[in-house]
Ligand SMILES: Cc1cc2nc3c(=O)[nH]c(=O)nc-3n(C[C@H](O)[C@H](O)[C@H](O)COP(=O)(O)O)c2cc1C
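Only one chain comes next, encoded as structure tokens, the form predicted alone.
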Amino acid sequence: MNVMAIIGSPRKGGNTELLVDRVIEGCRSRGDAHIVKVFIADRNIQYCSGCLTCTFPPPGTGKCVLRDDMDVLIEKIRESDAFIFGTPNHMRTVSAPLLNFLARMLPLLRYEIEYDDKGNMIGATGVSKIQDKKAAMVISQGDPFFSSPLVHMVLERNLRDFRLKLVGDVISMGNLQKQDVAGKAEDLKAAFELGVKMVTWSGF
């Protein structure tokens, strides 16, 4: 299984990455999982302009007009069977790097446009080019209670737009310092078990 781990935290070696690494360990414990780990903050990924050229039928091109590292990453996504999306809770939503990454994934959607009898666009249905691949969510936050369901909702809804099959999630709280989660056995165990489930789960 080809697994792509996407880390949305701008901080290397922090709680989000530690949790994602445990999910990866769980994946590898049950077979020959090939892992591609992407630290978004290290990549040249320009901001999506929202032009939708990448998703619309002609005159749209089906490709992003921006030329940067997403060209290679889109191909890596196509080649992957499953994904781990990791993010800290930043301002009660997903991190800015991850939000932009999700927007730049739009070339993996194709919009089928609905027109009225006068040729006016009245609706569109998104068709995913990565439908039914597996996905897991990892969220870390500083508050000791789940202070923002919006983090979970934003990530989940975006992944569902791509018709990904959500295997599960890990939400770790009270991580005020860089590596607080390293001392949280239950959260690390949950992350490991999520990785195991990632490679063994087939219950769609």
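Just so it is clear, the structure is predicted and the values come from calculations on it, not from any experiment. Don't overthink the numbering: it's just position in the shown sequence, from 1.
This protein has a second form, the form predicted together with this ligand, left out of what is shown; the following refers to that one.
Chemist: In the predicted bound form, does Arg11 come within 4.5 Å of this ligand, counting heavy atoms only?
Modeler: Arg11 belongs to the contact set for this ligand.
Chemist: Could you confirm whether Asp42 comes within 4.5 Å of this ligand in the predicted bound form, counting heavy atoms only?
Modeler: Result no; Asp42 lies far from this ligand in the predicted bound form.
Chemist: Does at least one non-hydrogen atom of Ile122 fall within 4.5 angstroms of this ligand in the predicted bound form?
Modeler: No, Ile122 sits far enough from this ligand in the predicted bound form that none of its heavy atoms falls within 4.5 Å.
Chemist: Are any of the heavy atoms in His90 no more than 4.5 Å from a heavy atom of this ligand in the predicted bound form?
Modeler: Looking in the predicted bound form, residue contacts with this ligand include His90, since a heavy atom lies within 4.5 Å.
Chemist: Only one of Ser29, Thr61, Gln46, Ser147 has a non-hydrogen atom within 4.5 angstroms of this ligand in the predicted bound form; which is it?
Modeler: Filtering the options by heavy-atom distance leaves Ser147.
Chemist: Only one of these stretches, 30 to 38, 162 to 170, 53 to 61, 137 to 145, has heavy atoms within 4.5 Å of this ligand in the predicted bound form; which one is it?
Modeler: Careful reading of the contacts points to 137 to 145.
Chemist: Can you name the residues of 177 to 198 that have a heavy atom within 4.5 Å of this ligand in the predicted bound form?
Modeler: The stretch touches the partner through Lys178 alone.
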